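Next come structure tokens for two forms of one protein chain, structure 1 first, structure 2 second.
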Structure 1
Amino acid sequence: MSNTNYSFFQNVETSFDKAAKFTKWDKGLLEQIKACNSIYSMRFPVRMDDGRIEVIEAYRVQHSQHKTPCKGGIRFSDEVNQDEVMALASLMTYKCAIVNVPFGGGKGGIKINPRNYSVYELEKITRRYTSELVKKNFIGPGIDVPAPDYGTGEREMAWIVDTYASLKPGEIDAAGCVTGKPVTQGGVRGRKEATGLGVFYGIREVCNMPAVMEKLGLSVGIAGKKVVVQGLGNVGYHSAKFFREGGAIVVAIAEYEGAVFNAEGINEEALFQHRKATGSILNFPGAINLAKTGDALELECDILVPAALENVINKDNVPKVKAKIIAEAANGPLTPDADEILTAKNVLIVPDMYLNAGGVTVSYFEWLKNLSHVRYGRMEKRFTENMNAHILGQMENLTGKKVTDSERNFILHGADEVDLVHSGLEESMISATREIMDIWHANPEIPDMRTAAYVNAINKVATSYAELGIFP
């Protein structure tokens, strides 16, 4: 990416220092919160399909143990380095604090491009990485709980839990050593769409705040807002889906091969299928091709959702950004200088560290499910349905009127796992948005929403440390 002035970890520290000025905490305590507690850098050999041995470079960082376990994804990318993993781990600490998930921040990375390896090679690399973590006590349901990230998914998480369980025979909570697993392996329904849905819930709450919308010159609510999404991966796809279903118009979607634009709106599923069939999002029926993927970032729109990579909006392209709200679905999509320029132009930047916390929030629900050994809804679903049927029957008898079949189904429906997971996520995102906005409104000197989010995170982490009595 184009901004070479900052390392990613320095970007995070810059934002932290900016916010720390608005808190009352001791300088030494702030230094402790900022620091990465443990950094495990490893190299291990794996025999490839052709018989040669390759030495794999990998990392796991535990940023904070003010709450345990630590929590954070594992990414497979040839861009992985220690600085990036440290930055992502520290963002996880602040993210968990903001959405009131009781974890410390962690992150892992393996420096490979998964496209260059066979499935069998990827399995060997993942299992060996897991065994290295077990050796050093860097993984476990009460120690450090990884999850999927860029380049990983349910398959890799299944390999991790299987390796962990085989090395820890009889550990009854072994399934809780990792989240983002397939449902058959102890995963939770609703995890796949969680980050994109969380982005939607967060932005919807912001758009429902009259004072905020008035300042931006926008109408209240999501309906009719023009949205541009950069990225058609898991987060971008689901963000586009929920915005469209919520009444917004997704006018453009970008991927690395280019972007497509249609003022009437784009259906993300149709575009996904088109890409699957042709290998590209370009030449999508009814849409105009944009030559460069970056052109989508410069379109006229109300909400811009960068859902792909770091530093995509930087000092080179920031003067051309026209969005009124930037929803940071990816980690660190804006450089600090771009951040300041846009804030000065009265653009509302809804920060990554809380907006993309849907994944970790639902990971928390999965971890709780693994520790309780019972799926959500199993205990109360039928009871709720029977009770609702009884109440509805009584109401119909008393009034002599019948409700329609669709209304009947809606009223009688007892919550199953995915309903409860979505409901818990909605509650987490709405309350986090309100907490951040309250801090911002209470102190007019706080320059932007990101700083308010950091202030919120710092206060919660510092309170935890203070209450633990670590600092006499």
Structure 2
Amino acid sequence: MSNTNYSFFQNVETSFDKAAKFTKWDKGLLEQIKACNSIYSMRFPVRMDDGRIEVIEAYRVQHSQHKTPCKGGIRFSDEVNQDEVMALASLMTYKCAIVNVPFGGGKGGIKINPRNYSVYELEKITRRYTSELVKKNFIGPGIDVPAPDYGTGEREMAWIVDTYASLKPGEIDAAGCVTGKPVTQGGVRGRKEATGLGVFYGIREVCNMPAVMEKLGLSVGIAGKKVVVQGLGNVGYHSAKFFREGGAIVVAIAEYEGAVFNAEGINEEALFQHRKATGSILNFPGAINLAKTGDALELECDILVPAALENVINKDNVPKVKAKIIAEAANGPLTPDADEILTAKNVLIVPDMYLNAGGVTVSYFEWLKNLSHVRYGRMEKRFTENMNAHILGQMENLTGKKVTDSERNFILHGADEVDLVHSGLEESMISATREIMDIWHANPEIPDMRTAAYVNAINKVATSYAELGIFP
């Protein structure tokens, strides 16, 4: 981002234009969709622990209000600038449209390296940022709902909701002003694993499509597929876990200190514990160390899951990548040239814009929970369990046979909050995958799945604008 000639926002516009050619919308409407509707660039003073006053640079961008509220994370990073926040806000519009989350795109950023500040200073910065947003009507459950992003987490979201609620006394839906909150502060269960689980659901759906698998020379289904995961952080860990539980073989995992390989499969939790105990994933029992961490990206495998950083597959290593499917769990793991080369080689690239949308999908469920003021499952769990017990009792009486204890527990179980959140996420990822594939296969001119995803997003946002009508 230090390169002043590079514009992330222009990059997004280029991908948009590439896809817009495959739609029939009025040029003016397409221009409106691309534009960022509201940009709030702010500076505010905060007194630091040593008595000094520091001027903080921060942003909130609302890309589109075709659906409200706007939705998107808040990033704390040295690299934050207006162009980056605009690009990320527009990507949120398209991501929400693809997974049928009824929000417009938004994004926020504070230009700080959180490691250079004390917890008390971070709290003051976050609370002041929130009150600036309140003053300009840039936050609220019906206006704009932030979430965690790079450098922020549950703690910052708890500060935001507390500041908002204290400035808006009596606002009954105040908890819905931000998502990614701790469960004790109105958060929802199932948020932590949401992105990795969404990656798994999306790829499983792709692997269940016979025509797609045939084109790649792969068998249908996840079972037995060889998977390589880069990054053992939140997204990588959970992706590896759900692929393993789904019957795939996670043959290698890479972290920044190195990579480990075992053809029989690696258990991510055991590796995580090994790393915690030894400080490194290397020398994991049963696995071999790879010479360089980047070597993992070049292994023979069916599915490669980059879940760490952007631009990890680029023109230097792309000739050596052997995966048949690349699951973009991270944001922007492929450079545009690497993307083109792999697409030409018939590698299926499942794009980040929809594949890692599990987080925002579950954020939507959190917001709905906040507006309804009731935990998911509270109303129906006992009813379902009583009904299931009754049905099972009748079946056992009629047949004179008993099911096993483990079957009994499975059949009787009524849905908890986490069950419903996972179920809603599964439905969202399956529908989104099918919609994109249908668009791609209906038009042979569309070159890749990423363009098909953009076409889907553009069609939905444009339809929504068309339905709203353009005011004179």
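Every residue number counts along structure 1's sequence, beginning with 1. Heads up, when I say rigid core I mean the largest set of C-alphas that superpose within 1.5 Å between the two forms. This one's a predicted model, so the numbers in the text were calculated from it and none came from an experiment.
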ask   = Just checking, which of these two is the form predicted together with nicotinamide-adenine-dinucleotide (NAD)?
value = 2
ask   = With both forms fit on the core, is the shift of the CA atom of E257 between structures 1 and 2 2 Å or larger?
value = yes
message = With both forms fitted on the core, check whether the Cα of I391 differs by 2 Å or more between structures 1 and 2.
response = no
task = Spell out whether the Cα of G286 moves at least 2 Å between structures 1 and 2 when the two forms are superposed on their rigid core.
result = yes
ask   = Core-aligned, what's the Cα displacement of N314 between structures 1 and 2 in Å?
value = 3.0
